[in-house]
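Okay, here we've got a single chain as C-alpha cells, the form predicted alone, with questions on binding and movement later.
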Amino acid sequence: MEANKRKEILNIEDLFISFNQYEKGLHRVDINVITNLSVNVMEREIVAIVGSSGSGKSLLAHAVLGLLPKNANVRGRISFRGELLTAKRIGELRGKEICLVPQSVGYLDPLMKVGIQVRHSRDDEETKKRQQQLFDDYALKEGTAELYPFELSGGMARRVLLASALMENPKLIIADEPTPGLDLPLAKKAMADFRDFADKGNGVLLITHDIELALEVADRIAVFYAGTTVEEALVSDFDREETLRHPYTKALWRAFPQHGFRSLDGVQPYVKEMPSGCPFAPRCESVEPACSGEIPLRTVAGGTVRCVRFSDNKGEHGEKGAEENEA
C-alpha cells in the first residue's frame, strides 16, 4: 500500500503541556514541560519516539490516553482516525482501539491474578486460549496465569503487559519503554510483534531509549529534546550522519558504539531553566544569535527539523535539498 493511500491513525499537532505547581506557600506557577510538539502515525507504520530521560516522551503517551494528573494543562489537537480525541472519546477507546504497554509494571492490579487481567476479566474458552498462546510466545511458563503480580520477576511482568496489549484487537498500540528487563531475544520478539501488528494495517507509537532496537523495526524516528520535536526522519536517514538534520540527532548518531561511542558534553536543561529559542543551543557547536528566537518546524529533504540552519530550506542539504522540498 502506497504511503499516500494510507489513512492517518493518530495526529498530534502543536501540543503544549504544563503543570500548575505552588512555590513559597500560595504562589502558583505554571511549568511548561512540552511545547510545540507534533507527530503522527499512519496505517502500517511504526513511529519511534526517542530522546533522553525528561524529554517528554512518556507525557506524550499519557496525554493521548487521558492519563495526565489533574494539575496538567493541555493545549493542541490530538485526533484519532480523523476525529478529535475528547475526554469522553478517550474513555471509550482506551483499552479497546487504543492500547497502552506502560513503562511501569505498577499498572498491574496487585490484588488480581495476571491471567484474568490479561483477559480483561473475560473467561470464555477462546479468550483463555488466546491468552495462553501469548504467554507461550513470551516464554511465560505454565501456571503464570494463576500468579499475582508480586510473584513475577520484573521481566515476567513486562511480558505480561505486552501480552495484555496484544490480547485485544486495537488499531493503535502506544508502547512506552516496552523492553527494559527483557533479554535481547525477547526484546527482539516484542519488536517483531509490533512490526507484524503494524503490517496488518494498524499503527504503533513506540517510545524508547533504545534507538538502535527501534531502527530495526520502525519506519520513522521522531527525536525529542527538552519537551519538543527537534527532528523527524526516515529510518534510512540514520544510515549516515550527513543525511540527518538536527545537531542533537547527529550527536545521538555519533554516540552509537559502531560510530565511536562519542558522548556529548552538557545536560538537557531543566524545565525551570529552559533557554529562549532552541533548547539545545547551550550544547550546540553551531549556535548563533538566531538560535535564541522562534524556530519553526520545517520540512527538509523528506524529513522535518527545528533548526535555524534550515531557515532557508537549504542548510547542510544545499540547493538540492531545497529543490526537493519545493517539489
Partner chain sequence: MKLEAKNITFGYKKSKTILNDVNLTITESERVALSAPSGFGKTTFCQILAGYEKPWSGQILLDGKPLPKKGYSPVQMIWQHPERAVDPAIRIGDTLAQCPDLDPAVIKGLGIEKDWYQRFPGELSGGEIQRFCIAAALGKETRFLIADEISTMLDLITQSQIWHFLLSETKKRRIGMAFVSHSSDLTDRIATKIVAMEKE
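Numbering follows the first chain given and starts at 1. Nothing here was measured: the structure is a model prediction, and the numbers come from that model.
Beyond the structure shown, there is the form predicted in complex with the partner chain, which is absent from this document and is the topic of what follows.
- Residues within 4.5 angstroms of the partner chain in the predicted bound form, judged by any non-hydrogen atom, belong to 250 to 258 and to none of the other stretches in 198 to 206, 135 to 143, 250 to 258, 226 to 234.
- In summary, among the residues P275, G302, G266, G293, the only one with a non-hydrogen atom within 4.5 Å of the partner chain in the predicted bound form is G266.
- Put simply, E242 is far from the partner chain in the predicted bound form: not one heavy atom of it is within 4.5 Å.
- Contact annotation: M167 falls outside 4.5 Å of the partner chain in the predicted bound form, judged by heavy atom distances.
- Contact annotation for A157: none of its heavy atoms lies within 4.5 Å of the partner chain in the predicted bound form.
- None of the heavy atoms of V217 is located within 4.5 Å of the partner chain in the predicted bound form.
- Along 194 to 224, these residues reach a heavy atom to within 4.5 Å of the partner chain in the predicted bound form: H209, D210, I211, E212.
- Relative to this conformation, an increase of 3 Å or more in the Cα-Cα distance between S104 and G66 is found in the predicted bound form.
- The distance between the CA atoms of S104 and N73 is at least 3 Å longer in the predicted bound form than in the form shown here.
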